[in-house]
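Before any questions on how it binds or moves, here is one chain, the form predicted alone, in structure tokens.
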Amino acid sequence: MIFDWLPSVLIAIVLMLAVVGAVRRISLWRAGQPSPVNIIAGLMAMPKRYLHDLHHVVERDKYMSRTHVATGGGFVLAMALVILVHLFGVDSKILAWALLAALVMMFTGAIFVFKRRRNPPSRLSKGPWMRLPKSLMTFAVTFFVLTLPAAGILPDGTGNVLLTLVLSALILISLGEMLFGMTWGGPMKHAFAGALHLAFHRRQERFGGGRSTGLKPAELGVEVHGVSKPTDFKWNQLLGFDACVQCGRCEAMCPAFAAGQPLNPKKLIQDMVVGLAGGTDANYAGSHYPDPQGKGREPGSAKGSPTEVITAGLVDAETLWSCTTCRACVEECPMMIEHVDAIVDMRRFLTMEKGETPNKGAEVLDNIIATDNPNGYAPGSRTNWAADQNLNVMRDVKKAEVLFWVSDGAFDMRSQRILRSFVKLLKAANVDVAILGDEERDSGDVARRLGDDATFQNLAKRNLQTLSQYEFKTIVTTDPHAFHCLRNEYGDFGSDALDNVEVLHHTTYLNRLVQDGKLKLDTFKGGTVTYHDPCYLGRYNGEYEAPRELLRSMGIEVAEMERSGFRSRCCGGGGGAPITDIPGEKRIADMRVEDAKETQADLIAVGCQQCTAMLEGVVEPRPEIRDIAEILVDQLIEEVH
């Protein structure tokens, strides 16, 4: 080819510009707060995390999984060979043929990207993303032609000035998108930031099949609590925002977005990207926040910078308060971005610094501080429900096999029916059980999700102090929110009270009793049953099977809702959402009951008192709502001695 030196010079120029962009982008991330990471270990682990953990999520969409393998894998391999063959001029027909094969693989993947982009689902961002398949194809074709002489398919020197100029232009266009765009903000930005995000993820425990769902404790007594501006985030959180591929899986799963509340997790992450780099959302080409009140915020009006208060112009506070913290967005994100962490971080600023918790938020937090329970009941009435239950109290017995963590259902008449059912089952199985009685305090779940980490930490430390006085092997609770706090969040406060203690949800414990033959059950004959997975039991703690196994033990064949298991729809009761009460176009609980009605269910089995309250709040006609403990009690075969 004429001007043989030109491709290598162009490749070198684009690579240098990409490096400049990378340095600039890294400096934006490093403006965040310190977060210690092991750089070497992270980089070493990155390939495995990319091929295993990331693809575990991508694989849920077989079409995109295969497309991504062909396109991404083909590009990475092709780029490495382009550098060897065309930048360093390594004379090897084997490498040239390998490059041709990689380019064919990449081109095949690009065809599937093109087909997806011809009629993209609404959740996908458009704009610059629509040109991506053309850029991928241009890259593959350009370097395929350029490599033919090196592979011996065409003689050296093939071509004329016009072909040289055309190929050079195509090299600039395609490499510019692939490499320059990676680090300067093009659609391929996720490839650069995403790889580093996997290496330096804030929750290293998530990889290799691990689970990490507990919120990180807020540092108290500092100048500013929570996140007010982008640079208040940890640096690797800022890196995580840049990893977003704008696939919109989070948007499709978000219950608040579906209900028409002003939250779209994808838009929120893209607003964080605007904040860390500075500018407006004018170039955002995806779905915006629903606007149920018709405030009419125009695209491009959201403005921010690394040092400006986020809620002063970039994101409305109502967006943050719409989140139910159900983690559906986190579970679906192929780039493993932590949306809920970011939202609670920003809530902490609004609550602890500004005192701007909306609607009944401030009242509830005041109640918790004054009475240790969200509704302000007299603390001494916590054990009234158990007056006729003849339950041991830890203060008296000092030790028991099982500690029953009653939670704040103790103050609610509907929840008390669940508690009594559970106690009856424990007694039928002859379990040595005790409660804390008036010594138990609220777990702090609501306070923490509302951003008041000071109150949460105070409650956690006092509860741990109480627990440390007694001897028990197992804690069981009917409340998945308390279960999550005890199991995943109390461990951050330096107490050994829960060391070697198993923390269980009541469905898990009851299932063990049934499997061990300690509870005998009759066959259920009450019609069709579906099961609603509580977010804080399922997505937060991975317990999907025990409740279903319990139902099967009564001869129930669960009629699964379309959204069940890790894709279950939230009831709308988590994250303090019923307290902050941000209006939407419809209620999340109504949508969940509609999900159940599609199964023709007569009964919705639940394992959470908040879910029970939310679903029973849906106007009838609707299926009956019952906790699994209540269903079990009715089928209990009591032995007469």
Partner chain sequence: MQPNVISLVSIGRHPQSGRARRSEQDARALELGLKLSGTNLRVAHAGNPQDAVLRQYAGMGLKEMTVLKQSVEVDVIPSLRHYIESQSAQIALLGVRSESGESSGMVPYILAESLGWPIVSRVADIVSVENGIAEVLLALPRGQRRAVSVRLPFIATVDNAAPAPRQTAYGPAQRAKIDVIDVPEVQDELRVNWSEAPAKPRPKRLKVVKAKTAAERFKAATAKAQGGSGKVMSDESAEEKAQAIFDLLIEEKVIR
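Residue numbers count along the first chain shown, from 1. Remember, it's a predicted structure, so these values are computed and weren't measured experimentally.
Keep in mind that the form predicted in complex with its partner chain is not shown, yet the notes after this line are about it.
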Given that its partner chain is not shown alongside this chain, does T351 nevertheless sit within 4.5 Å of it in the predicted bound form, heavy atom to heavy atom?
yes
Quiz item: Can S495 be called a contact residue for its partner chain in the predicted bound form at 4.5 Å between heavy atoms?
Solution: no
* Can any non-hydrogen atom of V222 be found within 4.5 angstroms of its partner chain in the predicted bound form? -> yes
inquiry  = Is it the case that A370, even though its partner is missing from this view, gets within 4.5 Å of its partner chain in the predicted bound form, heavy atoms only?
reply    = yes
Note: exactly one of G542, G300, G127, G355 sits with a heavy atom within 4.5 Å of its partner chain in the predicted bound form, namely G355
Its partner chain in the predicted bound form has a heavy atom of only one listed residue within 4.5 Å, and of K115, K525, R462, K399 that residue is R462
Given 391-399, 560-568, 268-276, 372-380, the stretch touching its partner chain in the predicted bound form at heavy atoms within 4.5 Å is 372-380
